[in-house]
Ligand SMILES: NC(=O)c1ccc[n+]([C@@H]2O[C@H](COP(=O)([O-])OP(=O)(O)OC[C@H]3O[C@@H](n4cnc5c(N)ncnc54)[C@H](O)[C@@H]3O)[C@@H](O)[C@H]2O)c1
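Next up: a single chain in structure tokens, the form predicted alone.
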């Protein structure tokens, strides 16, 4: 019997990445319940993990016998209610990003988790990636001086699906794709933004324009931080050419580059001068080890009571950035935080 018995709520792509880790890879954990309202999705997950109880209603899954913790990988609009239900039942929570649709919802989730005394971790897996961690160590050393300009690129290869077109229910790609980039800026600068200005446009998703004229598939946002650092996030979905997650950190005494669009960082230049390489196909490929590391961290936190590396407060700050970006796009003006 695993020490931490987990219920997976949301059995799509991201949910099953977590499920497989807790089911067969991470020591001290196991999946005992699955929940998804889509019958086909739930049935596929149940075939892969037949020992886990399967439920269409997440409330029944959370209440199932023996459940210790809940992993949430549903569309963002459902996060708040599921977290509140899990906290009321005294279950530890791992919640995929973005944490919620707005700051008041984040605050309600934090209050519920704090009152229940549970572990509440947010799924910003870049904080567990070796390259990003090394960059943070270099900044912490002080050898490079202050961060002056920090740029983060996040481009998804495919989609976005129709469920993301309604910004009222998803906050768009700045949330679903680029909240990772906003969190990375917060983490690397060690500061909070004071002002945000953003521009966005729908270049590719023609099918979304009529019903959702405010939807965008490209966005650039500029952040001014309390410590005077200037941050830039650029996001695209769909990019088409592959999954592209990169960061550049310009400091007083040097510059740090993290990531590459090239798979394994390999590039071939032939004698004829032709440059060849292969793009990273998916976020699942690029951050495979980071996803596993954050799963291990969640199990360790639940076992020891240690605070997770990525807290609910980190999730709230990223959501605040997302909301400010969308407000700037809507008004055409800088937004003060």
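Positions refer to the first chain, counted from 1. Remember, it's a predicted structure, so these values are computed and weren't measured experimentally.
Note that the form predicted in complex with this ligand isn't included here; everything after this is about it.
Quick one: in the predicted bound form, does every one of 28, 295 and 302 get a heavy atom within 4.5 Å of this ligand? The answer is no; none of 28, 295 and 302 reaches this ligand.
Position in contact with this ligand when the complex is considered in the predicted bound form, options 163, 203, 241, 257, heavy atoms within 4.5 Å: Partner contact (heavy atom, 4.5 Å) among the options: 163.
Of the residues 185, 109, 125, 173, which one places a heavy atom within 4.5 Å of this ligand in the predicted bound form? It is 125.
Tell me which stretch of 29 to 37, 45 to 53, 307 to 315, 62 to 70 has a heavy atom within 4.5 angstroms of this ligand in the predicted bound form. So the stretch in question is 29 to 37.
Check whether residue 79 has any heavy atom within 4.5 Å of a heavy atom of this ligand in the predicted bound form, and answer yes or no. Yes, residue 79 sits close enough to this ligand in the predicted bound form that at least one of its heavy atoms falls within 4.5 Å.
Contact with this ligand in the predicted bound form for residue 180, defined as at least one heavy atom pair within 4.5 Å: yes or no? It does: once this ligand is placed as it appears in the predicted bound form, residue 180 has a heavy atom within 4.5 Å of it.
With heavy atoms only and a cut-off of 4.5 Å, decide whether residue 235 touches this ligand in the predicted bound form. No.
Does this ligand come within 4.5 Å of any heavy atom of residue 19 in the predicted bound form? Judged by the heavy-atom cut-off of 4.5 Å, residue 19 is well away from this ligand in the predicted bound form.
Given a 4.5 Å distance limit between heavy atoms, list every residue of 86 to 118 close to this ligand in the predicted bound form, or none if there are none. Contacts from 86 to 118: 96, 97, 98.
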